[in-house]
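Consider the single chain below, provided in structure tokens and representing the form predicted on its own.
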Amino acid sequence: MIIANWKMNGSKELIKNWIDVVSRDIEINETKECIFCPPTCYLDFTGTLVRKTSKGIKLGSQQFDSELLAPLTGGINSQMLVDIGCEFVIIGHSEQRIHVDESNQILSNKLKTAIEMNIKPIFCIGESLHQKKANQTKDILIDQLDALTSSFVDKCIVAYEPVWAIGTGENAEISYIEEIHSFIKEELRNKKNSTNGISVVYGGSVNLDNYKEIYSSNMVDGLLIGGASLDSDTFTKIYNMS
């Protein structure tokens, strides 16, 4: 799967142009999902455009709040996401963990709620540069994966995004990516006693220069693309040539 995460970028015009180009040039492969996660305020607009293309692009949200009935000002719940056609939601992104201080319990609640509403979570995990240099990467990942109970494992996509590589232009060496993905899959296997149906995708400054090497690894099941996905031609090339 190839996932476009626009973060806090975009406008109606930019999204329309992106959908026009991608839907025209992309060669959808049913075994390789194409997922677009625009900013929350543009989800409904994007969903309408995506449905008109009938091209197989799937809509994902960058966030949601787990409580269905809480009167949370500014909140968006899973029922709202379903109502506008979202099939995926990003949960546990490092920026949310850092700036919103999301705990494992909060993340576990979000995972449970999303799955109950048939929205597939893209569950992000990853270590900071300080943690990597201190050889704490695997301990950090184990702790983050605690939010993912055995009953959730095969209902999620796990996205490994080393925090030190997000938006920095830095990227992990392929040997490091394979080592960490192998470790994650082993941890997931221990939770579920099986890796069937479990996808582990990679994110962190994925671009035209490095996507082929990363995606060609049998340890990598897809790509979560940030800044490079803003350019429709770049995203289309990465999708078509992966």
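From 1 onward, residues are counted along the sequence shown. Since the structure is predicted, the reported quantities are computational estimates derived from the model, not experimental observations.
In what follows, reference is made to the form predicted together with a small molecule, a form of this protein that is not presented.
Contact annotation: the small molecule lies within 4.5 Å of heavy atoms from the stretch 198-206 in the predicted bound form, the single such stretch among 181-189, 198-206, 52-60, 38-46. Using a 4.5 angstroms threshold between heavy atoms, Gly222 stays clear of the small molecule in the predicted bound form. Taking the partner from elsewhere, Glu95 is found to have a heavy atom lying within 4.5 Å of the small molecule in the predicted bound form. When the small molecule is considered in the predicted bound form, Leu141 lies well away from it, no heavy atom lying within 4.5 Å. Contact annotation for Ile106: none of its heavy atoms lies within 4.5 Å of the small molecule in the predicted bound form.
The contact residue chosen from Ile119, Leu145, Ile76, Ala165 relative to the small molecule in the predicted bound form is Ala165, the criterion being a non-hydrogen atom within 4.5 angstroms.
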